[in-house]
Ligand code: NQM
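We begin with a single chain expressed as structure tokens, specifically the form predicted on its own.
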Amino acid sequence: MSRASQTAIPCTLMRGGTSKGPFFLASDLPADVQTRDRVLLAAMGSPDVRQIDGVGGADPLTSKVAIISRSSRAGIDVDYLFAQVSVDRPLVDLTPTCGNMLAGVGPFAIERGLVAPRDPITPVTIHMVNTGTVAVAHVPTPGHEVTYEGETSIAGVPGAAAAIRIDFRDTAGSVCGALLPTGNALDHFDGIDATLIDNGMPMVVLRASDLGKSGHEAPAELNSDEKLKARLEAIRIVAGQRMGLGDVRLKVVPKMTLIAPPQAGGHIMTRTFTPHKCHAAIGVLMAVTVGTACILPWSVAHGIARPPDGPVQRFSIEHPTGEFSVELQVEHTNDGLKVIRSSLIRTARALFRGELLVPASVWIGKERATSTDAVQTVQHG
């Protein structure tokens, strides 16, 4: 009997927040990391700027993968491994996590039978494997079934859907080991001030005005400014070293954010690079981290941001297509700022369920493929 020319893998394509990608059960993918990454590249159609031979959307925001499994950890429902699949390089980056894709983890876990639904809300406790941190997604499940219908709108997504509240635990320093990896609220790069910070996402926060920008430019204008992007990348490479991330030229962290005074009643205006293209909005954990920088005494945001008062602060972060609200509970201690909790609201939707096909030359069922094509995998740490 001849072997099938393609391998079918159960998959759910989901929108999570303002991102989109395939969600897999870990048990449906190869156990071998190199083979798994070849499968992910083939599934997304990378490397190719159009991703024409896969389900990727030819953009970093739609070239993402979530891998889910039942957790063996006490008090944890599921493990969530995030993979950022490069569009134009044979690269699978496991360094960061993704808070937008995280919004789809709870609904996916319930619908795939990993978590028993409750009525009317099902809390799903999620271990984010990439960063070792924990989040709790509160998924609407009236009548013990996931619902995607609702009245909540988020910037960057048309229409409305059911609200999913996500509470983050212990995100400070999740990738770099400390909220302020260099120990400073303010660092300097060839005359440019910056705050290097990690509250779930390693970020380099800079004043747009220091780089000759207003911070209110359209993403397309910033993306066409090669001089600006070259300067940001030069800063990013040095900042990555200072943050303990090593050589970041093949990594998607740290992200770069330009800040400016708000225009629409928020607390700060942002233009975020992820890391080489200006984001049309701002990612979940990017927003959490930038918001934290804005309430940090003597950070680069001092004198620009308008932080609210009180131990629990609702922070509105403006971006090119709207605003993103985060809630931060912090304490100012003798050792500096301590983040107690970060929360936000996202939405998600399952788009299709079925089987994703990859060439059998990449993976024949549970067998290891014999392909020797070079694949780069970036592991956290």
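Start at 1 with the first residue shown and count on from there. Since we're looking at a predicted model, the values are computed, not measured.
One more form of this protein, predicted in complex with this ligand, exists but is not displayed; see below.
Residues of just one listed stretch (284-292, 303-311, 85-93, 130-138) have heavy atoms within 4.5 Å of this ligand in the model of the complex: 284-292. Interface residue among N199, T195, N100, T270 relative to this ligand in the model of the complex, by the heavy atom within 4.5 Å criterion: N100. Only one of L61, A43, V326, V65 comes within 4.5 Å of this ligand in the model of the complex through a heavy atom, and that residue is L61. Using a 4.5 Å cutoff between non-hydrogen atoms, K255 counts as a contact of this ligand in the model of the complex. Remark: S174 does not count among the residues lining this ligand in the model of the complex, judged by a heavy atom distance of 4.5 Å or less. The closest heavy atom approach of T18 to this ligand in the model of the complex falls within 4.5 Å.
Looking at K251, you'd find every heavy atom of it more than 4.5 angstroms from this ligand in the model of the complex.
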